[in-house]
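One chain comes next, on its own, written out as structure tokens in the form predicted alone.
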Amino acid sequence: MEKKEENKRQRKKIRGGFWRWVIASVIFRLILIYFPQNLNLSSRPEVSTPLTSLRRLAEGYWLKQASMSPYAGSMYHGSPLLLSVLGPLTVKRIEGQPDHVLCSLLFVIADIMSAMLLRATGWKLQVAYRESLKALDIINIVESSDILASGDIAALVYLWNPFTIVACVGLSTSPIENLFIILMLYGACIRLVPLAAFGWVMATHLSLYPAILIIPVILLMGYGLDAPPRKLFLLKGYCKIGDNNSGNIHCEQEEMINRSKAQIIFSRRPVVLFFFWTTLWSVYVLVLCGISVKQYSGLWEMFQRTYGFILTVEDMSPNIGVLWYFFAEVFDFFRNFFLIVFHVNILFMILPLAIRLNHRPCFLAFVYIAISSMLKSYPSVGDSALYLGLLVLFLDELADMPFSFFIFCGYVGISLLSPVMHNLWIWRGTGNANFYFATAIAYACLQIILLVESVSAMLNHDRKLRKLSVANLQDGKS
């Protein structure tokens, strides 16, 4: 009894510590926002891209105010809805306050909301996973931390990740995009279909690449949250039935079979509702976009200037990706061929991963986001902040992941080297494009290692569960 009360007191103390760290992260962001010249983060190619730069958005809004198309020229390539929301905030000045302070405060709020949604998603995943393990009579496999739940750790990692902070302070719209992706995953986890559909439609509308996340969302709606391989539940059910040799327990056997099959049945109704709400939200967003650009241009120009700009890689200004350098060097004759190769490369990996990880849709979403962040046309550190936050949700399953310290040191090293190489190339003139591209190549390799090792660790964890489940069944028979 005394031990339980002591545990309760300790949990309350820990929760209080969690909120102190959240408040500290907000204060830290505000200090950086009010720092002179904003540390010039908004001009960093690692932070702002042609799609996420608030400066370009302000230029597009100025063109709109001048009764011109916001897509005139080659400055703005984002959503007209985002332009309508953030545009007025870019021209509103408060005396004695930094420029774009209202946009910065909005990005801080988006980061806090994303962290809270991550926390709630982590809690749902942890509860559902424990119930699945109890159903398999595997109780001690997940040694959950008594200090913090994985959702709390994920929220704190997301808030204190330097990539998240510089994306927020550096006047990038990445926090808004990340918020809608996390909102979609949270809505799918709690099976709130309209919310999941709204998040998916808005995330796809803003960035295009989240369109591939429809597969994890469908799996979440149909099968539910991440769980051990589904065949383990059937195996357990049939083995228990085989152990019952009495003739008067037919009803119990039927109930056990039904309970086991319930773990693998695909629910079609939530999926149908998801497609209905997706269609509804898509039409609504298209109508709003049509109204927004009707006076200056049409929806076709919007598609060309946003999605077309993403797919054709028109802007080859340096970023932390690898496409800008490749298409700057490739002959124009082969350009269309390699555009197809690079974009289809993402699509080739969707189906095999979905088949292998269909029982872990949230982890599958993390894998898809990491792949698109690595291969997208205009990546930024805000994309990495998102998938690193999602990765922490699976702390228990990935506890034995190798090369963790090497990957951590790699991210730190590249974060420090990238600005140095960019400075040597652009400002000092003592280097060339290869200096900066070398860090981009190293960054891509590091992300590949992270993806391969995390997927391997998850599959090894599933094999461990299978062995424990079979061992428990054999012990029960003996």
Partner chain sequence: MSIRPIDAMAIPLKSAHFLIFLLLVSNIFTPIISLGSTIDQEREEFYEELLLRPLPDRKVLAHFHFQSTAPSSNSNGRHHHLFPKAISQLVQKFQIKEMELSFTQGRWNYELWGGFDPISSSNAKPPGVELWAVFDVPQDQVDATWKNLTHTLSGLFCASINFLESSTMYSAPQWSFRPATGNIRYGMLPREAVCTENLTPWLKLLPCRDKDGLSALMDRPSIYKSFYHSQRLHLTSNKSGPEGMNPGIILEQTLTVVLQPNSQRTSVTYSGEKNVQPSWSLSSIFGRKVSGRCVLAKSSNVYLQLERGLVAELKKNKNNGVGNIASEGFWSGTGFELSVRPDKVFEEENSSHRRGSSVLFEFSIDKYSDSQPFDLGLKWKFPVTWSSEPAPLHASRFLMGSGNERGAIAILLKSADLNDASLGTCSSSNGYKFRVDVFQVVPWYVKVYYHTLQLFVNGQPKAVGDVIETIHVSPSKDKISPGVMEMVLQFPCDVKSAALTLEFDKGFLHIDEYPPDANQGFDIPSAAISFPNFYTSLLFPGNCSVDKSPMLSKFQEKNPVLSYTEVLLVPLTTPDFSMPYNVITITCTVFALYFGSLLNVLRRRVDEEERLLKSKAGKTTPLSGLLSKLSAKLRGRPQETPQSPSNSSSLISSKLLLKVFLVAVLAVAWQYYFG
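What you see is a predicted model, and the numbers here were worked out from it, not measured in a lab. Numbering follows the first chain given and starts at 1.
Another form, the form predicted in complex with the partner chain, is not on view; read the next lines as being about it.
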Report summary line: Picking from I414, V420, L30, C445, the single residue whose non-hydrogen atoms come within 4.5 angstroms of the partner chain in the predicted bound form is C445
Query raised in the report: Among Q295, S267, S317, T279, which has any heavy atom within 4.5 Å of the partner chain in the predicted bound form?
Result: S317
Report task. Examine R20 and determine whether its closest non-hydrogen atom to the partner chain in the predicted bound form is within 4.5 angstroms. Result -> no
Query - Contact of Q65 with the partner chain in the predicted bound form (heavy atom, 4.5 Å) - result: no
Requested in this report: Verify the contact flag for I426: yes if a non-hydrogen atom of it lies within 4.5 Å of a non-hydrogen atom of the partner chain in the predicted bound form, no if not.
Outcome: yes
Report task. Flag E131 as yes or no: does it have a non-hydrogen atom within 4.5 angstroms of any non-hydrogen atom of the partner chain in the predicted bound form? Result -> no
Query raised in the report: With the partner removed from view, which of 188-196, 154-162, 404-412, 329-337 is the stretch that lies within 4.5 Å of the partner chain in the predicted bound form, judged by heavy atom distances?
Result: 329-337
Query - the partner chain in the predicted bound form reached by all of R356, I371 and L375, non-hydrogen atom within 4.5 Å - result: yes
Report summary line: Restricting to 58-76, the residues within 4.5 Å of the partner chain in the predicted bound form through any heavy atom are A58, E59, W62, L63, M68, A72, G73, S74, M75
